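Below sits a lone chain in structure tokens, taken as the form predicted on its own.
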């Protein structure tokens, strides 16, 4: 007989087990959803300190107003109000290199640099600045963007960044990825010729990487957080709809351009 091994969930006629625990006796009412999400991916229960940082990340990424992901969800719901799951999926599908995906992109960028250092990690800001300067220089030479820099709205500084850094510091979890990220913020203008803010999606990626979560999964955590925000957007669309107005605003202001012009 073919077998399909799993260490996640299983059930019998009278019991459900998850992560080796009795779901009803050990987890329900005792484990928060954020803690469980971490546990499901990392296959270990996070410490209270890790849970605080992790859930701060989820809160930071949940909702930012009428972003493209929220608009996509609302317009899909306008078109198919019988498909809540379709509207949620439409919003999540927009999580890419400009919105939400930066969390994973930044975490992966930082992790590659930190991994190359091996056990020889800098011990002070000057050392991290030197590493960051070289990393930014290599990225520019490769004609790639440095993930985690810049924001379309928070031009003078993303308010989430210092708060998440403070929380990580308070919990003893300001590790090499966050230290490198901060260093990038200090030195990037020496290479790029302009100063850009460290954005919230980037600091979230750095924090998640410092928690030891696989960098290939970081976008998933951003989507997990945004799912809650999108559900809120759709609930508001039911209470106070703007989807039809948004659609008509674009449609009635569309200007035909001759394809030959």
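Bear in mind the structure is a predicted one, so any value in this text is a computation, not a measurement. Residue numbers count along the first chain shown, from 1.
One more form of this protein exists, namely the form predicted in complex with another copy of the chain; it is left out here, but the text below deals with it.
Another copy of the chain in the predicted complex is not approached by residue 176, whose heavy atoms all lie more than 4.5 angstroms from it.
Although the partner is absent here, residue 29 is a contact residue: one of its heavy atoms lies within 4.5 angstroms of another copy of the chain in the predicted complex.
Within 4.5 Å of any heavy atom of another copy of the chain in the predicted complex lies no heavy atom of residue 132. Interface residue remark: residue 192 is not counted as part of the site for another copy of the chain in the predicted complex, having no heavy atom within 4.5 Å. Using a 4.5 angstroms heavy atom cutoff to another copy of the chain in the predicted complex, all of 163, 224 and 233 count as contacting. Figure note: of the listed segments 134-142, 89-97, 181-189, 110-118, the one touching another copy of the chain in the predicted complex, with heavy atoms no more than 4.5 Å away, is 89-97.
In the predicted complex, 153, 154, 157, 158, 159, 160, 163, 164 are the residues of 145-164 with at least one heavy atom within 4.5 Å of another copy of the chain, listed from first to last.
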